[in-house]
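Next up, structure tokens for two forms of one chain, structure 1 and then structure 2.
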Structure 1
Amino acid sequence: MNTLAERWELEPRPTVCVLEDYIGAQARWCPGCGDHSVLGAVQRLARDLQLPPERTVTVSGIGCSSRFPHYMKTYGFHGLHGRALPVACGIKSRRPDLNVFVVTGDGDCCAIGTAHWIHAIRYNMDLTILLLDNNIYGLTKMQTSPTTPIGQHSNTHPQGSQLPPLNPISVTLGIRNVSFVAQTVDWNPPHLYATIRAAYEHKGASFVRIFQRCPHFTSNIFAKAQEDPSRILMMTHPGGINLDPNMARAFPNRIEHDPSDLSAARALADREDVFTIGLFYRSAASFRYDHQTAQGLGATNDEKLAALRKALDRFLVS
């Protein structure tokens, strides 16, 4: 028979958060939009890791994907076009206790917000950055984005885009102090989930580019990759992002890649013949700017006042 220990306390069960605790407003993206799967993955991740909703902040800019915070039941910040990253860095600067997700798009991050993207990677503050890349401006109705493939027709380039698209992974891997770069697809939930989870668990700025379908404007771009898995190249490594063997069967085309090898990562990122998914690069040694920005958080009022008087005394003339 079970007996109680002599000394016992009835402890209230810690609150368990269920999926509904992370589900905010009804998502208003188009049916079939890849953003829905990313939202689901982040909500499941939050539940699985029991992230306290009140200590989690989702920050976005402007664009279709930037509606994301409204659909989470965490704290959210739906800011300005291109400017999610400075805000997220500011939030993190004096609140290391908060989990911060940044949701941005190819226009938001790679066009109007490019400066902030480069520097946020360089700052390497503990953020999970999700680039939802559908290769097009959706919210403003089909304009060419920096990642639009050559030849793709849009309302701003009716004859087809002519500039070679910007490669967000190559760019990110070119930034000194980069610490986590991965790529995944919205249409494979296990890989999407595993990638976002690895990104969250990495301490530092984790950059994840997600190939994201836009059924309305760019349904052609990822269709072939969806139909023909050999067009996707999955990077594998014991230290990388790994699926269980059953799930991994969806990606027969694989390559072993050591995520600590930056040169190899850059070479893989530059391949244009396949969609490469998995972990390109991870470094735990990169400098963390948030360790700097949080300095002095513990100062007491007495310490502050004493220091302040001393600072004023430097200007005494009598």
Structure 2
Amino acid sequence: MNTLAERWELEPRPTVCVLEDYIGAQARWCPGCGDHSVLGAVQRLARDLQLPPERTVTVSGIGCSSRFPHYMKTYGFHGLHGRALPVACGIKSRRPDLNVFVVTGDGDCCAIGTAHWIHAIRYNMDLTILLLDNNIYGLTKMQTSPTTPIGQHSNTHPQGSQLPPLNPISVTLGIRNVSFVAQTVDWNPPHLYATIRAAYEHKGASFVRIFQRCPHFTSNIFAKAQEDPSRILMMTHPGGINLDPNMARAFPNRIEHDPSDLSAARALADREDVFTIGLFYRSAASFRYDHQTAQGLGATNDEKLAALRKALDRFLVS
């Protein structure tokens, strides 16, 4: 016969999260800003995959896109300008069980944060990195960013930008130990969602550049691509970003690309006649530094003390 305590012991009911469980403060971006689309995609992804809010973290630096953690009802870290990636790497090194999303902008990542960007890709820790690229410094009111096209007028270049823009995809593909590089657009929700989901499901540092509209300062940059889908080249492959056939019709201009071919990926990334979207490159064999940093996390206090003494003994002078 069961005891009274055993009879009253109930199995806990599984928790099912709905979309509202991931929606934080009301987003204060401008109407028509592409950031809204990215936020909605990440919230839907979290719901669809039932990511526990208490085990999900969004990390950002400074910029319009970096308001992201405030709008997710999960843990978040709104860091310093350009420092989102080292913070995210630190979180992943101590808490490998957490789902970590990094949201950064073209100024935040590709200017002051460049060194951190390069080394985060090289470390290849399990992070989902979303670069929201609107080709301008939006939060500080229209200064030229590293990705601003030649001739684009800004407060720092009123006669038009003079330097060729940096290509974040080409740069990332040139970093040793890279493991996942993709590109998408904010104005096509199915492709945006599918790309972010593929990035999350990849084990390693997933880098996704998102062409993101800024209706206030750079509304002209992506307008023609929105109006004319033939200006977009969608990469297709069974191992790439796959859309429902009905959704794929929105992109009549397509090319078959094997994401294991790094040389072909680099050639596609350098094209300037079209906006190339899809999966450029994926490698499951790249070394993951978070496997190294996770060693010893389960050690007891006595084991940690013994390891510390052993390390200090190397400097003992007898």
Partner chain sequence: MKPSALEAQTTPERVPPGIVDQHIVEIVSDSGEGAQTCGQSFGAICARNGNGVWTVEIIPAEIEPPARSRAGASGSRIRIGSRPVTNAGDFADVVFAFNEQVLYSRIDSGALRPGTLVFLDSTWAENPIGEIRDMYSDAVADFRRRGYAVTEIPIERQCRKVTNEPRRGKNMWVLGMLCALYDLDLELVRSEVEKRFAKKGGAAVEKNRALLEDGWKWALENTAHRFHVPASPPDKPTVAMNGNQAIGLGIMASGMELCAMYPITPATSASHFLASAFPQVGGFVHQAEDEIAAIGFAIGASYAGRTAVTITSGPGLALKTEFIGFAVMAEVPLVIVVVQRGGPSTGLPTKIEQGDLLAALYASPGDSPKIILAPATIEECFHFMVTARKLAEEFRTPVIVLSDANLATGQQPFPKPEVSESWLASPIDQSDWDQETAPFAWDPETGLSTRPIPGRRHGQFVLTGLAHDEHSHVAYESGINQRAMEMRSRKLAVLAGSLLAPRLHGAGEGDLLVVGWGSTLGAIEEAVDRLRARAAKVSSLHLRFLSPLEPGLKRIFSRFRQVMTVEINYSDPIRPPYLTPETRRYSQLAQLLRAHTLVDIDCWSRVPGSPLPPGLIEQELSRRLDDIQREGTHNEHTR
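For the two forms, the rigid core is made up of the largest set of C-alpha atoms that agree within 1.5 Å on superposition. A quick note: this is a predicted structure, and the numbers were derived from the prediction, not measured. Residue 1 is the first residue of structure 1, and the numbers go on in sequence order from there.
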Pick one: which structure is the form predicted alone?
-> 2
Hey, does A25 budge by 2 Å or more at the Cα between the two structures once the core is superposed?
-> no
Following alignment on the rigid core, what Cα displacement (Å) is computed for K310 between the two structures?
-> 5.3
Having superposed the rigid core, state how many Å the Cα of N301 shifts between the two structures.
-> 2.4
